[in-house]
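Form predicted alone, single chain, as structure tokens, below.
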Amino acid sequence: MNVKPSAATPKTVPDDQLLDQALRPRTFGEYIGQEKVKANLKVMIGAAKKRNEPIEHLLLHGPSGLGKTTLSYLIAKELGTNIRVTSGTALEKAGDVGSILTGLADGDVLFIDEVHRLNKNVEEVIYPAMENFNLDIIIGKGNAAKTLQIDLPRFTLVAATTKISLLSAPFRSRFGVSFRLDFYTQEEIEQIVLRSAALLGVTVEPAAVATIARSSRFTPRVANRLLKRVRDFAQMKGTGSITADMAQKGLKMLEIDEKGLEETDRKILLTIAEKFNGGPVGLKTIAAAISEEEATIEDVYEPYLMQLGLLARTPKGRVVTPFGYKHLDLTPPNNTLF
């Protein structure tokens, strides 16, 4: 089955990855948005540096693309230490964690992305490392088994997750502080688009900035991807400068509307509205009707549709709201729940 590329779940190619790194903020001053989180981090980092200690373990959670990885790099830079980056899926065995932890130096930052995907055995190895900076290794089996304890450097674990509810309570309690990253405002996304355009050497009209920002799903990663795709369109179809008209045509070619909805978003709303009389309808039914995975619908598409007020979750299932019908240019049925 052919899968159409999505702005909500973008697939990067090597050139895009290099550009993403180039566009990544290098200081807290360049990092736009998340002001409360930044303010708290600056206080924590400043106090820790005065005490000459590592900061407490941090848990960053929220939807993907909001800057959790970027924050981890900035934290390490502000502390003046090295950062080691890995993911929950990459740490399959206790030995994987041990090799990483023993390779750290005092004050280093270990960043684990998608930490909710750690298996329980690995998670239990991390507990004493977080609390006491010790690593317990079991040698042998059965009655002959012995426990060897290795002292670890005083490191800081920065973990990121899009599904904090999947973390066990004992694991969550071992983090000194937890920050939730929220979706960005229109104004913040416009600032990000302007900064990225300057770094890319692209001329972009103010009206085009607003158009791209409105279609970015309030997410910096999506905004940068759309900017790059619209830039490609402007270079091929125009003079290279991104005008409002070029931005609209480029987004139309990507089948992304003025609210950032793409084909799958509209397909979800239309399926509920037309095939199931507006709902309520269960997630399994929607997934089967549009040939999409339940997890993808629930984690990628639904949060944004709900944030816009186009879709609602009820105890009986999903329903299209009056705003959803208005966006689809449809008349809501008489039996609507709203």
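From 1 onward, residues are counted along the sequence shown. Treat the numbers as computed from the prediction; the structure is a model and nothing was measured.
The discussion below concerns the form predicted together with a small molecule, not included here.
The small molecule in the predicted bound form is approached by Pro25, whose closest heavy atom lies within 4.5 angstroms of it. Proximity of Tyr31 to the small molecule in the predicted bound form: non-hydrogen atoms within 4.5 Å are present. Contact check for Leu227: every heavy atom lies farther than 4.5 Å from the small molecule in the predicted bound form. In the predicted bound form, Phe111 stays away from the small molecule, with no heavy atom inside 4.5 Å.
The stretch among 238-246, 219-227, 259-267, 100-108 whose residues place heavy atoms within 4.5 Å of the small molecule in the predicted bound form is 219-227. Each of Tyr184, Ile192 and Arg195 places at least one heavy atom within 4.5 Å of the small molecule in the predicted bound form.
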